[in-house]
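Just the one chain here, the form predicted on its own, laid out as structure tokens.
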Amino acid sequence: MTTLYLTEPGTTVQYQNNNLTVKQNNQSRCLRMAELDLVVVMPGVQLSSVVLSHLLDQGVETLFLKQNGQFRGRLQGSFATNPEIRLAQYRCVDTPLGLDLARSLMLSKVRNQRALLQRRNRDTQGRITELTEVVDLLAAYTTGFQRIDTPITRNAIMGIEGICARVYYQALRHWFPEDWGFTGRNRQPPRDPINALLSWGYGVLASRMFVVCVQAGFDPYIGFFHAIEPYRPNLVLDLMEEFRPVVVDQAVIAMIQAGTISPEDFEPAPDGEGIWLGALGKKLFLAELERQLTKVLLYPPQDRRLSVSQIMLEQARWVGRCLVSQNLDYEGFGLK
């Protein structure tokens, strides 16, 4: 997948002879539209009406993000869909099958969180007691999640997920140098650079998963774990859970460990509360997220190697087959 990120305010984009011309600071470059699969647009970028028309006509997925990385919207032209999947999705909300699906998605998320911590635990040869304890605790909770013969409520799933998330983020600090000041998850607003990266990354991942939901034939707003909370893309949040550690958390760890980003790449939020990624930091982080999304891994259900973004789509399609067949044989994608 070839992705064009338009991040600089003042950038203009025009169309001529099947090419996009991107102009910025008296410099311009041309890109062939035929080579583009995805365009991501930040605030302050101008796309001409002709560009918008050709993006729609040629089916180039185009996402618009807010300044904080959250999903703002996307271009939507005509698209092929399967009403059978949407009908099955609506029928399964608040059913035992829907709850079991929610449990499976959360189980996969916790497994991947544990896998990340386990890597660090191996690197440190088990010398960090807290890290070892959290790895063991998450293993115990994943065992509990696997008891599908036991009925479970959404509140119970949320309770277990909440406990696992709290201890996971507290233990995640052992991946980062102390001078980054990360002690656990905080948001709205993020109060330290690591949390600023996590929040921004989850926003970008949500926008990519929104596209996946539509491609797989779903209504993005009807979920099973996040259920039917108003004005929120609940299924997007459900399906991205298992990919948070795979894509975003790994991207943050990679950048900090490689030293490709520093505290100077962050700045106070405009309202004075919290910390935001600066302009250069956004470019660097988007590049790392793209590297994670295009990483090619073995996809065991199909015994072939796919990019992570392709795996996201295949997992969503698998959920669709489960809902239509009323048979939950879904297995989350797992980090190795």
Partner chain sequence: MSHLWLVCYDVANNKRRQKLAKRMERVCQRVQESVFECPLDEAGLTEQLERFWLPVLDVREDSLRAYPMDGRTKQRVKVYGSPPPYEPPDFVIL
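Bear in mind that the values here come from a model prediction, so they are computed numbers and not experimental data. Positions refer to the first chain, counted from 1.
This protein has a second form, the form predicted together with its partner chain, left out of what is shown; the following refers to that one.
Trainee: Where, among 298 to 306, 64 to 72, 263 to 271, 27 to 35, do residues come within 4.5 Å of its partner chain in the model of the complex by heavy atom distance?
Mentor: It is 27 to 35 that comes within 4.5 Å of the partner.
Trainee: Quick one: does V324 come within 4.5 Å of its partner chain in the model of the complex, counting heavy atoms only?
Mentor: No, V324 is distant from the partner.
Trainee: Indicate whether its partner chain has at least one heavy atom within 4.5 Å of a heavy atom of E8 in the model of the complex.
Mentor: Heavy-atom contact with its partner chain at 4.5 Å: present for E8.
Trainee: Would L313 count as touching its partner chain in the model of the complex under a 4.5 Å heavy atom rule?
Mentor: Flag for L313 set to no.
Trainee: Can any non-hydrogen atom of Q14 be found within 4.5 angstroms of its partner chain in the model of the complex?
Mentor: Residue-level check for Q14: no, no contact with its partner chain.
Trainee: Scan 275 to 307 and write down, in order along the chain, each residue with a heavy atom lying within 4.5 Å of its partner chain in the model of the complex.
Mentor: In sequence order, K283, L286, A287, E290, R291, T294 come within 4.5 Å of the partner.
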